[in-house]
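Given next, in structure tokens, is a single chain: the form predicted alone.
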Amino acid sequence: MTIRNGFVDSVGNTPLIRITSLSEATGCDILGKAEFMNPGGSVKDRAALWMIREAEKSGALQAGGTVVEGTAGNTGIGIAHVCNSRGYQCIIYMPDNQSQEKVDLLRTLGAEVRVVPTVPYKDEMNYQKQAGRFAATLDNAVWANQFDNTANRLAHYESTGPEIWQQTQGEVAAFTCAVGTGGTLAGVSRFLKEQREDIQIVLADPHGSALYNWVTTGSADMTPGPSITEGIGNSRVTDNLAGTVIDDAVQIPDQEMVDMVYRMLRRDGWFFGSSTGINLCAAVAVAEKLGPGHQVVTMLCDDGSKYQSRLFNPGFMAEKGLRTDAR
């Protein structure tokens, strides 16, 4: 095996895993990019590394500086890890509707975490806007700005997309994943479409988001919600997502996502979070539309350990009217 040099060199080059039960059910190869195997535990390690590295290249971030970000969790976790490995301070703003596990983990990693009330993006007290304003008051500091910093998209154009192309030997028929910042879908789409224009790019969306409507109707109108998913869906089209070629979109109800997550746990042995549940549901929908014999790739974003107080909490799920015993 290749020896990797430290934390940063360990980001990316994750395996592509065939999800056996879903592949057998659809007649397609449902392939998941095992992003939970990144050293910080999620797909967001890629964006965190690229955003910090681009800030270093531009001179905006100097030795001993500070990285500030507004995040639902995984990007902050990735940033905290990269900051620790490169000698930066880390300050994270989080909305108060996220799982406590994420807050606790960020503090364990040494980040200063500021949990703020959850308000829409248009509100000046939105967690992302608070992070941006605070960063501007500091010397030698940057606001990572994951939603509109296209270094996020670049990470997936330069790493995830090429990895998928190589791992499928160019046979990939479709790629689908959920969107929060838009970086993953946008970067992968740009790379894959340069290789073969016929590769289908499909956006997966939970309820309570505007992106399904944006793809299918051209208007970013919110759909009824909310969803218990964390870190995906959006009320606007980010700079990362803008201009991306997207062929279709699917919308996944929470109960369908929950059924998938628990099916993976109880039948296949996989312990996934809600974003991965949405992604796998979308991959099945795309496979059924394409018909047997195709390769459909999606993202296995992270494991389920950060969602135990919500997605894997029977009391919370019952309160939300969601069943966890579906077969």
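Residue positions are given as counts along the sequence shown, with the first one as 1. It should be emphasised that the depicted structure is a prediction, and the values quoted were computed from it without experimental measurement.
Not on display, but discussed next: the form predicted in complex with a small molecule.
At 4.5 Å between heavy atoms, only one of the stretches 134 to 142, 103 to 111, 224 to 232, 194 to 202 reaches the small molecule in the model of the complex; which one is it?
Heavy-atom contact with the partner occurs in 224 to 232.
With heavy atoms only and a cut-off of 4.5 Å, decide whether residue 251 touches the small molecule in the model of the complex.
Because no heavy atom of residue 251 falls inside 4.5 Å of the small molecule in the model of the complex, the answer is no.
Counting only non-hydrogen atoms and a 4.5 angstroms cut-off, does residue 183 reach the small molecule in the model of the complex?
Flag for residue 183 set to yes.
So in the model of the complex, does residue 283 come within 4.5 Å of the small molecule, heavy atom to heavy atom?
So residue 283 does not count as contacting the small molecule.
Answer for residue 301 alone: is it within 4.5 Å of the small molecule in the model of the complex, judged on heavy atom distances?
Yes - in the model of the complex, heavy atoms of residue 301 and the small molecule come within 4.5 Å of each other.
Would you mind picking the one in 79, 92, 188, 178 that has a heavy atom within 4.5 Å of the small molecule in the model of the complex?
Going through each option in turn, the one that passes is 178.
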